[in-house]
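Here's a solo chain for you in structure tokens, the form predicted alone.
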Amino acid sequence: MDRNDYYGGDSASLNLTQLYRKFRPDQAVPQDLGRDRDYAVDLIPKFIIASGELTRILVHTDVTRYLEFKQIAGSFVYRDGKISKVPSTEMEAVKSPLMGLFEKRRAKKFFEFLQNWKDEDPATHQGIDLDKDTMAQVYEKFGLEPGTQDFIGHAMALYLDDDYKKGIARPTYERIVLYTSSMARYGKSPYIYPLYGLGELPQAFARLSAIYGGTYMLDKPIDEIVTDADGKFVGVRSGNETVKAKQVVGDPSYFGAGKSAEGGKVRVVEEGKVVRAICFLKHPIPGTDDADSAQIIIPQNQVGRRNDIYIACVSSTHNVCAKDVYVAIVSTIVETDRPEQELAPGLQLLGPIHDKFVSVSSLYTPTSGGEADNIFITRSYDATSHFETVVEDVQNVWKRMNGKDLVLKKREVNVEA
């Protein structure tokens, strides 16, 4: 059941009419943007990392038969006022303008160390223990400069802040290997993206679900989550109809997000806010070699923040907007009481902005696992630029509901992009 008349909830892709209805209900859609039906604008910007968990799930469930993917043309990082391509191989590291000559040698050694690492062969460990040493110690061993650490930790390992340096090195090692293997898969960037926007993902799952007897109801208001005297889930009421089930799964907006709990149970709590600006441009982003799509990461240290700023850009090549229009979405975690101003370093990189839609969304997390009352709530979509954390949450909800891990049997199929 979905209260909206479109698939995907928070991660839907909207046409121009829907976009204006959501952000500017009292304004007519301008004529200079082209045809309404040419648009599928993502509300939440995320790319799919080519060798990541989501790709595995899409392939395994065969949802890929309903989807077509295109590569994202480049992955960039901001440093000292300009953007540069993120190097992902030793060769690219040697050519990269992000580092001076001596630093390039050190970085080359670091990347070689990661590529050669074998758990079972201590000769490849160079005295490092990934499960005991912190990432800060690993950087120190290779003598990497703070700026190099920035692009490795934020543009390759894709951390939102610097807390990861205090933790053990293995998760960072795994993230960098995921990035480089995804990069090797298609060449230009580690990301792929579905034609016609991210809203195609929930629609494709809906189609597959229908084959197996699932029923989808759009435009169906959810008026009440019905529970028994012990607070256990009974059903969901819409108008004067109640549908009963053993368990319910839903996003925080259906379980009291943003409302005060009048005598009722507090099921979700806010743990921060994300600010996003959807921008229409009439040109590619400057400095990206006229790329039809790109991800740009602005590491927090570069702009004196605690959290990174992300820019995701797609265009008519991905069938999400009219020809010669580019959609760039700038986002970050809110740190002050003036969220839109926090996006300024990202907005400045875009060049002239034709139009922009700014939203601030709260990030909610459930107060309990749901095992006690059979009410299972997902977390809000976070500020990361890819789906890895979303997949972790899905696997976590599955485990809470079924008491065991979600296991996908191996199927070897490549996603075409």
Partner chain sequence: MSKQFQFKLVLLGESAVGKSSLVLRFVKDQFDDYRESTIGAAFLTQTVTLEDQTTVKFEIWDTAGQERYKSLAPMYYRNANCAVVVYDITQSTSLEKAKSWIRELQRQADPNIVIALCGNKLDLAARRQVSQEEAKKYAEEEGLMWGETSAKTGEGVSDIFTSIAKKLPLTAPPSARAGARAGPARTGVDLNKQAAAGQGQGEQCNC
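Just so it is clear, the structure is predicted and the values come from calculations on it, not from any experiment. Numbering follows the first chain given and starts at 1.
Keep in mind that the form predicted together with the partner chain is not shown, yet the notes after this line are about it.
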Check: Looking at 73-81, 217-225, 292-300, 335-343, which lies within 4.5 angstroms of the partner chain in the predicted bound form, counting heavy atoms?
Finding: 217-225
Check: Counting only non-hydrogen atoms and a 4.5 angstroms cut-off, does Ala210 reach the partner chain in the predicted bound form?
Finding: yes
Margin query: Under a 4.5 Å heavy atom criterion, is Arg185 part of the interface with the partner chain in the predicted bound form?
Written below: yes
Checklist line | Contact label in the predicted bound form: Thr55 to the partner chain, heavy atom within 4.5 Å | finding: yes
Check: Would Glu68 sit within 4.5 Å of the partner chain in the predicted bound form, counting heavy atoms only?
Finding: yes
Next item on the list: Sort through Val360, Val29, Val59, Ile353 and report the residue having a heavy atom within 4.5 Å of the partner chain in the predicted bound form.
Entry: Val59
Checklist line | Sole residue of Ile192, Val275, Val138, Ile285 within 4.5 Å of the partner chain in the predicted bound form, by heavy atom | finding: Ile192
Note to self: For the partner chain, considered in the predicted bound form: do all three of Arg37, Ala206 and Leu408 come within 4.5 Å of it, counting heavy atoms only?
What the structure shows: yes
Next item on the list: Scan 1-34 and write down, in order along the chain, each residue with a heavy atom lying within 4.5 Å of the partner chain in the predicted bound form.
Entry: Tyr7
